[in-house]
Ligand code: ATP
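For reference, the chain that follows is the form predicted alone, supplied as structure tokens.
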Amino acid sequence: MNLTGLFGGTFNPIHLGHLKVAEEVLGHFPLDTILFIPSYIPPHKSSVEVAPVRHRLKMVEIACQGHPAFQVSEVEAGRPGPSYSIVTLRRLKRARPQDQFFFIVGADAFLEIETWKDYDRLLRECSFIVVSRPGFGIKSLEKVIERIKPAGVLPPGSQALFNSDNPGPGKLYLLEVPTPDISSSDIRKRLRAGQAITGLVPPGVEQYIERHKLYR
């Protein structure tokens, strides 16, 4: 059985904060692979500032180069329409029946889990690794966790429990780690203002953005 993390998002553009989250997860949990899944049209965001999916997909591919455990999936990018996690999960289960899946999300995103399509079914069919983000520590999740009542909650520092023979679905694995305060919206804002983004995105992604004149 392969343990596979699912890291979805607009990645508009992907930046070093995204990569740091994935690296921290790999450092704390024995995942075999992390699938980066760029969305086609995100259901919770306006598409006005979203770069065409072919560009976002290519930037993610560039960013993942040199990371053996990082892979890029087109499961959402190749499917027109909104990207819903429950649909993505079921498609991946059919395509990769030997894999056990864990959604990787920031604490800020998980606070909105109750707005996700069929979130209750999603929580029954897979587990989540929830990572702290600047301004959103693990303690900020207490109320939403109390409401959604997952099958199990593994607090920070108990990652060793992940190594059991059958981690099983329905659990929340909480990870409190420092991650850089970088946002895609700030990067787009800087680009519109003609400001540098060096140190915020991988060099290859910065070159790609410049070459294709994205977010101008």
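Predicted model only: the values in this text are computed from it and were never measured. Numbers for residues come from their place in the sequence shown, where the first is 1.
From this point on, the text means the form predicted together with the ligand, which you will not see here.
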| query | finding |
| --- | --- |
| Candidate stretches 24-32, 143-151, 63-71, 182-190 - the one whose heavy atoms come within 4.5 Å of the ligand in the predicted bound form | 182-190 |
| Proximity to the ligand in the predicted bound form, single hit among Ala109, Ile86, Val75, Leu123 (heavy atom within 4.5 Å) | Ala109 |
| is_contact(Ile113, the ligand) in the predicted bound form, heavy atom dist at most 4.5 Å | no |
| Gly8: touches the ligand in the predicted bound form, heavy atom cutoff 4.5 angstroms | yes |
| Contact flag, Gly17 vs the ligand in the predicted bound form, heavy atom cut 4.5 Å | yes |
| Residue contact check: Pro134 to the ligand in the predicted bound form, 4.5 Å heavy atom | yes |
